[in-house]
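Given as structure tokens, the chain that follows is alone and in the form predicted on its own.
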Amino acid sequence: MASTARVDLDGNQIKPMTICMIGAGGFIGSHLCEKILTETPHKVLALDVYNDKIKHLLEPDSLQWKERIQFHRLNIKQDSRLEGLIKMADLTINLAAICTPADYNTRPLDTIYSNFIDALPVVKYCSENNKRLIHFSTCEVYGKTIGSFLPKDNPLRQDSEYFVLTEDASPCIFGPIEKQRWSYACAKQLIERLIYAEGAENGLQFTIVRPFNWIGPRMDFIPGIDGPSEGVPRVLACFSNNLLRGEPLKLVDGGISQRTFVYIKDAIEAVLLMIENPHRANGHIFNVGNPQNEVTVRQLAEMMTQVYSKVSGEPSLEVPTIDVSSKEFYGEGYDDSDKRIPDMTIINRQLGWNPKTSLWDLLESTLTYQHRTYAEAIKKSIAKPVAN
């Protein structure tokens, strides 16, 4: 049940607001809508092309929050309703993006347009109508770390200073132009710069979120089940797809890259703090991740194999992983960063937020959901009548 008397971090009562959420039907949007509707009195104007992941929030009509959510099926790149919906809201949250690594190489133009050009009207309408904006960027904007350019035997590689990424200090370092993997990161960085400039020159109230691998139920897709038959989602979803099908997990270039992972429910807590504490969040860029949950991609594969065996009751594969080259897996133009660790100083200082969920627990939650979804889909496909 939504609370009727919520207070912010300084003890001030929070007034109910209307939130225009662009990309509400995706992984992050579905969890954020859920959080807002079940725990706050705020209203949501949910904008997206698809609503599959939020159907449980829209149907049936007997739901207690039915008066507080409206779904608008639209594509922001070509819909004249966008400005009107932003005007109706107190706050706009922009989650819309192409953010699948395989697309950065194979669809670089779509990637750049989606993450920069399509976001321009959103920023413009918020600025012109004096509406607050929370824009979702990515940890990809940091690109490569300074440490990745040090010789492999250099002792400075052990110094976290060269790998920890800080919002207001770390440089953004990308590969050469022909490495189209950076099309996403460059587009995201440029829209960040434009938002920051709108704030400096025209007074736009903004917050920028840089997610570091948010993981949980409903993330990405299972090819052929709740997504296209062919496709390459992000690393954790790739691995879970392999596990569901009893296939070896593919380690790109040996799986030596290191990443940190944070549970979606922890991360959504951070976003709600940004929503309800504008005086503490406006004008800030926030890393949102869990530096305690750092592993190599190979270690992630090994842990996921163990967790999946536990949640499914199936024995582990005899050959759980195979090595593939990045060219073979992603195509020409792929490049990677070796390590990304978020500095959490700013978000902790401004919002008092810290993640709680361990890597094992978030993997168990995610794989339990994936296993159940896959089993239900297979059951339905078997039960379908055969056409004559």
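Model, not experiment: these values are computed from the prediction. One rule holds for the numbers: they count along the sequence shown, beginning at 1.
The protein also exists as the form predicted together with uridine-5'-diphosphate (UDP); that form is not presented, and the subsequent description refers to it.
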| query | finding |
| --- | --- |
| Candidate stretches 32 to 40, 335 to 343, 356 to 364, 62 to 70 - the one whose heavy atoms come within 4.5 Å of uridine-5'-diphosphate (UDP) in the model of the complex | 335 to 343 |
| 4.5 Å heavy atom contact with uridine-5'-diphosphate (UDP) in the model of the complex for all of Met304, Ser309 and Leu317 | no |
| In the model of the complex, Arg157 touching uridine-5'-diphosphate (UDP) (heavy atom, 4.5 Å) | no |
| 4.5 Å heavy atom contact, Val252 and uridine-5'-diphosphate (UDP) in the model of the complex | yes |
| Contact of Leu85 with uridine-5'-diphosphate (UDP) in the model of the complex (heavy atom, 4.5 Å) | no |
| Partner contact for Ser257 in the model of the complex: uridine-5'-diphosphate (UDP), 4.5 angstroms, heavy atom | yes |
| uridine-5'-diphosphate (UDP): the contacting residue among Tyr263, Tyr142, Phe239, Phe163 in the model of the complex [heavy atom, 4.5 Å] | Phe239 |
| Among the candidates Arg107, His284, Arg234, Lys124, the residue which, in the model of the complex, approaches uridine-5'-diphosphate (UDP) to within 4.5 Å (heavy atoms) | Arg234 |
| uridine-5'-diphosphate (UDP) in the model of the complex - contacting residues of 178 to 196, heavy atom within 4.5 Å | Arg181 |
